[in-house]
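Next up: just one chain, as structure tokens, the form predicted on its own.
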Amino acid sequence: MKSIVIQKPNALLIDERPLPVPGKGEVRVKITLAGICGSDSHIYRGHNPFAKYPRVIGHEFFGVIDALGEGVEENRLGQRVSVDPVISCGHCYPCSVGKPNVCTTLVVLGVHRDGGFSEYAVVPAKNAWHIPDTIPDKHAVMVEPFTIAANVTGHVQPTEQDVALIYGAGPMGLVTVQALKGVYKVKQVIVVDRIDERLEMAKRSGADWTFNNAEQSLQAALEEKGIKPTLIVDAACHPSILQEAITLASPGARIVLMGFSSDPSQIVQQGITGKELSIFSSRLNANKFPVVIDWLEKGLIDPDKLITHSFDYHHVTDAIELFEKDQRQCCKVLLTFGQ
């Protein structure tokens, strides 16, 4: 089989590898589609501290189960599945309190273990989620990105009365917009970014108001309109955002951080306790695949609004470079396998 392998930073190879055989409790998936994420680019460029090389990247992928390991029910053969990349032990403290996404021995497909940018992949059977026939392939491959939004919203339980502010109109910000508007019916969702074309994408995903903060003050604009956000999501992931969010937030608001920056954020503690703000962080997803599959079945979210490009996997280098360089027109890029 052919696999996309990052041999070392900036060295990508489409390699011929043996067809994998599923072990006990595993299934083999014949990959149909995979999605490119920022973390794939980071591994390719050597900027992901968790990655080990060589590595088959890819943690957003969909396909059909074509082989079963010992102990896996026969009726799973031939199922269309989206794969949850989060592999956890199930018995450590985080797992015991419903946070397998921060398991003490966490393994993420495509990061710590070979992932889905391949013609076939072997994964734990419990990580391969059956996709109903009513959900098309190109929506099924988008389940994992939307689980990021499901994890964020699961922390803060949005209501229709919320006024939400989202920093960043990249893929993670846009899936969160769709969840807030489509699933939770939040009355006002504001998106701030520095790229006008990305803000147009946010409008298409349901944002009520967008703001380009490249040259204008967000704080001044919100004050002029008398807006104090009750829910703030940092999907832009810059260290300076936390203090601004604390300043802008309504008393009693919730703030969610999605970033992995190693740079320090300087904050004033009084701003948090004076308004009794709740600050959450969100990483990957904690058992959110069935949640997103349900959203798709009910038509509450629309992945088509995010998918902008598709490439045959042989052109993966072109696809990653487009993803990296064209932030104005490019959002989600899909790779096709075996089509």
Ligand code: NAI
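What you are looking at is a predicted structure, and each value in this text was computed from that prediction instead of being measured. All residue numbers are counted from 1 along the displayed sequence.
One more form of this protein exists, namely the form predicted in complex with this ligand; it is left out here, but the text below deals with it.
Student: Among 132-140, 220-228, 86-94, 164-172, which stretch sits within 4.5 Å of this ligand in the model of the complex, heavy atoms only?
Tutor: Of the stretches listed, the one contacting the partner is 164-172.
Student: Whether V81 contacts this ligand in the model of the complex should be assessed with a 4.5 Å heavy atom distance threshold; does it?
Tutor: Judged by the heavy-atom cut-off of 4.5 Å, V81 is well away from this ligand in the model of the complex.
Student: Does at least one non-hydrogen atom of R283 fall within 4.5 angstroms of this ligand in the model of the complex?
Tutor: Although this ligand is absent here, R283 would touch it in the model of the complex, with heavy atoms inside 4.5 Å.
Student: I'd like to know if V122 sits close to this ligand in the model of the complex, meaning any non-hydrogen atom pair within 4.5 angstroms.
Tutor: No, V122 stays farther than 4.5 Å from this ligand in the model of the complex.
Student: Would L106 show up as a contact with this ligand in the model of the complex if we use heavy atoms at 4.5 Å?
Tutor: Contact check for L106: no, nothing within 4.5 Å of this ligand in the model of the complex.
Student: Non-hydrogen atoms within 4.5 angstroms of this ligand in the model of the complex: do C237, F260 and Q327 all have one?
Tutor: Spot residues vs this ligand: full contact, yes.
Student: Can you work out which of V189, I255, I148, M201 has a heavy atom no more than 4.5 Å from this ligand in the model of the complex?
Tutor: The residue from V189, I255, I148, M201 that makes the contact is I148.
Student: Within 4.5 Å of this ligand in the model of the complex, heavy atoms considered, which of S265, N213, T159, T247?
Tutor: None of the other options qualify; the answer is N213.
Student: Since the partner is left out here, which residues of 180-197 would have a heavy atom within 4.5 Å of this ligand in the model of the complex?
Tutor: Heavy-atom contacts to this ligand in the model of the complex: V192, D193, R194, I195.
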